[in-house]
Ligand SMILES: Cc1cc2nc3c(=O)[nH]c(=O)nc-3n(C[C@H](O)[C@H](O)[C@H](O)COP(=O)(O)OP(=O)(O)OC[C@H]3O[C@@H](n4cnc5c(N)ncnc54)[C@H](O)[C@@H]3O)c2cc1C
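Next up is one chain by itself, shown in structure tokens, the form predicted alone.
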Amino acid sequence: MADPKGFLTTDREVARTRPVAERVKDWNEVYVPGSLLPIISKQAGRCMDCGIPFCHNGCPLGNLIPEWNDYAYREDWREASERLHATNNFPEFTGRLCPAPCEAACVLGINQPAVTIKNVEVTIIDKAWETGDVTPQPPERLSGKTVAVIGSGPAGLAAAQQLTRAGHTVAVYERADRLGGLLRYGIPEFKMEKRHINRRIEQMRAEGTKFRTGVEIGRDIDAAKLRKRYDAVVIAAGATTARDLPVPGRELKGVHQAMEYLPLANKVQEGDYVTSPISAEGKHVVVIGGGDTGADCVGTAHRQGAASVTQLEIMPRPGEERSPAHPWPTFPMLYKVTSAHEEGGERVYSVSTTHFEGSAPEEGETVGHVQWLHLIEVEFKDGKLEQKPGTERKIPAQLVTLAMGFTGTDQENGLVRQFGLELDARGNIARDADFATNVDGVFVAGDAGRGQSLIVWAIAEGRSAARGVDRYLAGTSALPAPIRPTDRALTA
């Protein structure tokens, strides 16, 4: 145990963020660089080293949290990094982006603020990169087997790295022009600078993983031909079919899916554009959807100079304390103020959009541009959502982003049809306990099989699917399998 009295003598302290007035003028990460290191050893000392560490089960990866907390408390950063990497390929991603279900399951969190597990994690890995403790780990020998991984998001990268280290020759196919999937084009730069992805890709290249960008399986390469070319295939293409809002005026200009809006802002940071083709500058922006993607749209609009930002959520505002419906150690639905919300804007709960109102079409065009969003208050009665008469109103909206989640894997590109894959009742690619689909040698990991989920689940799925592929190719596997396809742990 790090500090037997740490949880009694040390208050919870989290990473400091840069002043709002400063950070909205750039796209750098919001946290003060280096602010964690002076405090993190004492924060790690708050870990109680419980007899039953529920944080292990709260984390889909089964991270050995008390162990690396102990090393961090003693400032043995190399050993802390070793324990961290034992279960997680990319802790610099999860340490920045994961909502930390491990902290929700922290035993200390029963009646005190939980250990700052996420902050400890990111400090360990940043220190490891700084000191050169993160190095390529190429396999000692090659198996002679080949694997294609479709998708370079967290699930695909995790599967690829595990399989490469197991000795297989792995090629990752990415349909975008750069690697990283939603990490690259869905996560704004202010939440995670893309240099973190770039150096992991270089590590993987040094280990032997091959990458092919700008190649979409199902369009550029026939899926069936790809299967014949490789001994196994892992589909980690994500759940990219966005939920839409079929209301009058949806066709107006200025109404976009979040994943039409966010990638363009990231491409500006990559140098592809001087300014985004879809910009919030000087506009009244409305974000429909109260989740993390919606918050990303809010923060992006602030940095683009929006005149105002309003975020709409159909559900009631969550409470600030656990409800009986979410007892410890489950992951609670709590009111959350992200860094984007700290920067301004209005959040409106229990409302539903009825229609959009726009300007008259300009000459030669068929539709005008959105100007107003009409909404109505809603409430749940007997489990049903009902509108409240007399609460209709409209708000200015010159740019609307739809951030309402995703409904399943993209079936229009031909991948599902060409492979002949079966889908489950939720529209995801069906798989068995080894993450294998109904097609021999074809496996699925991440959102494509699980549905829209967290980055930590994606990495866990990629690692587990890699074990299934390794067993298929070699008959046995020494690779870890943190989860099964049906696992929900404590985060359901």
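Quick note: we count residues from 1 along the sequence shown, nothing fancier. Quick caveat, the model's predicted, so the values are computed rather than measured.
FYI, the form predicted together with this ligand isn't displayed, but the following is about it.
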Within 4.5 Å, heavy atoms only: does residue 150 come near this ligand in the predicted bound form? yes
In the predicted bound form, residue 299 touching this ligand (heavy atom, 4.5 Å): no
Though only this chain appears here, would residue 99 touch this ligand in the predicted bound form if you measure heavy atom gaps against 4.5 Å? yes
Exercise: residue 108 in contact with this ligand in the predicted bound form, heavy atom 4.5 Å: no
Interface segment, criterion being heavy atoms within 4.5 Å of this ligand in the predicted bound form, picked from 365 to 373, 234 to 242, 306 to 314, 351 to 359: 234 to 242
Suppose contact means a heavy atom within 4.5 Å; in the predicted bound form, does that hold for all of 217, 262 and 455 with this ligand? yes
Residue (of 253, 145, 74, 191) lying close to this ligand in the predicted bound form, criterion heavy atoms within 4.5 Å: 191
Let me know the one among 186, 329, 289, 249 whose heavy atoms come within 4.5 Å of this ligand in the predicted bound form, would you? 186
When this ligand is considered in the predicted bound form, the residues of 54 to 79 having a heavy atom within 4.5 Å of it are none
